[in-house]
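Okay, so we've got a single protein chain in two different forms coming up as structure tokens, structure 1 first and structure 2 after it.
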Structure 1
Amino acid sequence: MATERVSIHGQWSNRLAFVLAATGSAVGLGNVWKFPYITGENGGGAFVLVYLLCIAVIGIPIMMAEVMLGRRGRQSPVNTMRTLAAEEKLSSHWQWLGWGGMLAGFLILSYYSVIAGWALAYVFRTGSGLFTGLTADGVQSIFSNLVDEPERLMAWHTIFMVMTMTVVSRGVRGGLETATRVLMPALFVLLLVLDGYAWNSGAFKQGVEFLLWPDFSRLSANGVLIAMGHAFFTLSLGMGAIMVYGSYLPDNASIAKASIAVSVMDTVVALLAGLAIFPLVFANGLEPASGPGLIFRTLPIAFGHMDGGAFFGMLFFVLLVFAAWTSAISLIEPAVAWLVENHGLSRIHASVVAGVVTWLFGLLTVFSFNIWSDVKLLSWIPIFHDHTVFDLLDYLTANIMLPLGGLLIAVFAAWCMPRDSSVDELAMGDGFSYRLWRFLVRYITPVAVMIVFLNVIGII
């Protein structure tokens, strides 16, 4: 290695620890909540096939680039980009890439925590048998009662943020690594149990065919663009999380192998989640293209009409909480690392400061579902005429900040960072594998990310 930097925060005990932690960051509500419903909306198997291709040509190359920058800098994203830019005699403005990622993670966690709070609430609602025998209207009423009361949302939001702060405050090995070593295997076990439950639903074959059998007549051009976008977003790229996790990666660990392992495990979780969800949907005559309400409005109907539904429904929402929790700790880690590095705070103090600020900002999302539901800050702009504060935060982060962050990571890693530096850090040699990565991250992934960006902002 050309550098001898050591992270003051410690490092993962081995490559497996990084893979589990980074997979935990990548596996979140997007895998268990978003992937199934966008697959349902875009035709099933053909969408999945395009998504897998995009993971290979967009997701993995950018993940390798982000991990590489993180390990070379060995600091929070802001300080990493400042250090690397100075090392390569580049503009100090590159530190804004770190600032943008850290801000994106903060904003995402502020509303992510609120949605995760819904999952926490549903663990108890489902386990108590509240959904047993209910109609669609009854399930909708329960959901409305939850989000319409700011006090309830605040309570669940608070509990989830305390869970997140508790883990992060314990440090890299004692907190992040220990949590992911427990939560990720537990998440896989829960998924397999739920897949076994779906196997006995009577519609497992139908669910498998819908998810895995490609029918390209059901895939639109817009569906291809959505697959490209989700392949990028599902790996937690562009928000500082993977960069800061990369800064804790041991020098002897292969960045390429670790990135591929994380991408494969993330994809496996998404597919297993689909195999658990779609058979239940078909077995109960429900609509797979139910949109964002698939998890909180459609699935409870299925659980409420099946044998053992209360127990397995509770397990499903425990799974959702675990997935959200492992992502949340990665979202707040860049800010905590920066506070420790730049302000000399203890790990516990930094976690409390970052957590409380995030919790306070999360109240904007809490209130946007009830007392501020009529507040449309940018209603004078046609595309935002019906966007609440939550909708605006989601749009800003997912559609602008993350694609921009991913694009700049690719540009810095492949165009600004000298070839010798990337060869040294990736430790792949200068053969075919390295040249393929460099070609993809230089030419293919930036174009793909730009297409996704232009699509989501409505230009194409």
Structure 2
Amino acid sequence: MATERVSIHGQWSNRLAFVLAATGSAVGLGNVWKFPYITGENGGGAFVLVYLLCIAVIGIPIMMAEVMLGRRGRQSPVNTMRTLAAEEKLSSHWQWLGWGGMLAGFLILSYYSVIAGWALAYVFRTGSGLFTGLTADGVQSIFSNLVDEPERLMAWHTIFMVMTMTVVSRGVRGGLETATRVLMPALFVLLLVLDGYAWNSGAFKQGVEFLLWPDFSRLSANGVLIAMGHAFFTLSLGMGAIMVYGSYLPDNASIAKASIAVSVMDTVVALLAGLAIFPLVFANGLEPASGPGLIFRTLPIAFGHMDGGAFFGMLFFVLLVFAAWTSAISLIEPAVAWLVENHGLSRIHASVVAGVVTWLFGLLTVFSFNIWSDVKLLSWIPIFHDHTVFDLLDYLTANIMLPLGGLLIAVFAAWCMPRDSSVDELAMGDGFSYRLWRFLVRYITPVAVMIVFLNVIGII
């Protein structure tokens, strides 16, 4: 049977609690904000198809592997990897996987918090009826006014970081279950309402076609990497967030069922968001490739014209903030768990330390949208010619660090760990499902990640 280890941070009450927390982590800005804007920048349908493929053959198996390692180690990713490596008599360097993940989580949260700040700002902008009756132009200028002012972005970023660290300091289990149980379904329903609006926008067909019709001539090698990176990002994989959540999972819960449930819900939310946004983009003559501001430039047009739009708009952004909140806490949990385990800090103390450092780093993103909007550090590399500091941070973390983390998780789980250990921990027997899992993690993930990397660098 499984190991006797227990987590010093406690345990989820059951599988449902884990599914809720992991869904809370997975569903966030990645689905509603990032997925539509990168789909717009990378030409639509073909990009979406590659993304869906990556979710199915890489995302779900890696989620299972990550949860499995977490549950077996029952500690923060750094210590889990160290313990599991020692157990299998492997190099202690495996703990670097944990370190890299902690760094990735911290870098991602630094910009994630700034964008969540935009969503916070929009709670008040929509709620006050600011968008009522506005044309697309008016909506664009409200967005520009927000991001043009560093002080304002800094203020919202600060509020969001304080919200995040408050929950983290109390331990991620309290309160989180209820919040996810009620708010996620509400977000889902509101997306359906927006889809209904898009249906009547006059350009529904064009929007759906853009989202779902694969035209491979519009997809570059770099686009494939972005699609793969996003599969990791949206499922919170490759940096230990899901590993740490797995470390609180009771021994008898089915890892496969939980991983599939989380991935399916996450994917449905992203597609619903895309379906709401692209018809609006086309109905209003906007540019799908208009970048990170996409949802903030399109959805308010809908809210400005529908009955009760101020109310629905406010509700939508409130729910988006909650979705971002439940994701943000998982980005920093590995670091906080580690500070508690290895440095004997209290959770509160650890949260303050991690929060302040992340906040400071977030200023890079704040300035990327205004005073440093012309700073393009890597403009001599073609794919980065237009990348601000924020764009580079996003690229480095989502498209390089997460897939690399995923690759190492795959190698550890399916090459280094003896077959018996994974059979034991996954507890689904060693029939077809187990073999399929092992095949995907052992061969498909490492090979796919390597091919996509080499392809972007131009080696193949």
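Numbering for residues begins at 1 and runs along the sequence of structure 1. In this text, the rigid core denotes the largest set of C-alpha atoms whose superposition between the two forms falls within 1.5 Å. The model shown is predicted, which means the values in this text are computed figures rather than measured ones.
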Answer for which single form is the form predicted in complex with tryptophan: 2
For Thr23, decide whether the Cα shift between structures 1 and 2 is 2 Å or greater, given a superposition on the rigid core. no
Any CA movement of 2 Å or more for Gly44 between structures 1 and 2, core superposed? yes
Tyr248: Cα shift of 2 Å or greater between structures 1 and 2 (core-aligned): no
Superposed on rigid core, Ile277 CA travels between structures 1 and 2 a distance in Å of 4.7
